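Just the one chain here, the form predicted on its own, laid out as structure tokens.
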């Protein structure tokens, strides 16, 4: 079966010479072929979305009508959940239990949340602030949104972008990751069936250097939303600067987990192990750095070692599997390269450290590194694999300083039974997300976004609706007098 892009309510042929192959990371087998989109396809998609926005077929619908379409889309996705689970696992190597019980339910909840929240976009109160004019705020859609989704959560994060963009009245050109485009493409016909007008949601599968670059540079595209690595974010920022284009960037992370001497240590060991191994560590919010009070250091290391070694690594389509492979051979080599570099610098590989024993697939053993230094690459840089580094500390201020001592600022966690300590740490940690005595959960009602080189803007919550819309101030004169009291400052004499 050959998959193609979805533009203006129909499948279109690719205009690149090559045919893309979608590889199952667990088996290295080709599971689908793709007609790769090029410049002609992305230009068609942008023009289609531009026309759909400016003729008002979506942006001028009553809020309730837009909401009904989005609710129906969620219902249709849910009705085909088994197909989505299958293809999401096959293309990404994600364990089916993660997709079925986490990714899809959360993506659907997000879609339904924005279907409702889009009906209550609120601005400042209407009032006569200067006594002469009535002012009010309109919150309006931006236009065409270019959405660039990542390969680690192909469906869920596509929905994270589509939902607020459409709820706010925009039209969308979605570029799924080249490694994992299938479940995003499956959304096209369902959007049509849900009543979303043709041209409002377009899905173009092609390389970032062509499709992504065109979206960033095209003046018809009002906004780019990206979830990806920090270097890609920098590149997009540089290209978008020429158009002063609005950006929404969720970039890399290097999340610390701070375990204090009063923490429930068993809970910390369990929670941090889970947060380190989620999606084989391919998560920007994954717990990658554990800072543990020196009194608990040895016990913590032994505890996570035991849990890492108990993780069931294998066939993602088996509901009992805990960890699948990483996404590609290149990603596996990157992860193993960080581990080997740390080993040569003097780190102790507590457990793991090798490619998986599976006969095929891009597997990496769950790995714990101890005896590392704060300035080493394995502590400072995003590895994006099942690797946890563990460092000791002796004081609160030392833990805080080390936690903040990275370029990233997406997520963090604090493990303590002292509320005042937790609150103080949450105030001083330089991360967009701080969990207390847990690490990883998100909810549609609360924002998710980063600071520093983890980007800006928010997914989830009404803050995302603000990012995907613009504020317009409308001011009307209260009286119809030709000469207003302030006109003398330009024409006329100062009143006596």
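Predicted, not measured: the structure shown is a model, and the values here were computed from it. Positions refer to the first chain, counted from 1.
One more form of this protein should be noted, the form predicted in complex with a small molecule, which is absent from this view; the next part is about it.
Residues of just one listed stretch (257-265, 124-132, 361-369, 174-182) have heavy atoms within 4.5 Å of the small molecule in the predicted complex: 174-182. Shown here without its partner, the chain carries 144, 166 and 243, none of which come within 4.5 Å of the small molecule in the predicted complex through any heavy atom. A heavy atom within 4.5 Å of the small molecule in the predicted complex is found for one listed residue only; from 405, 213, 109, 198, this is 213. With the partner removed from view, the residue among 413, 202, 227, 89 that has a non-hydrogen atom within 4.5 Å of the small molecule in the predicted complex turns out to be 227.
Remark: residue 157 counts among the residues lining the small molecule in the predicted complex, judged by a heavy atom distance of 4.5 Å or less. Shown alone here, residue 170 lies farther than 4.5 Å from the small molecule in the predicted complex, counting heavy atoms only. Not displayed here, the small molecule is approached by residue 149 to within 4.5 Å at the level of heavy atoms in the predicted complex. Using a 4.5 Å cutoff between non-hydrogen atoms, residue 253 counts as a contact of the small molecule in the predicted complex.
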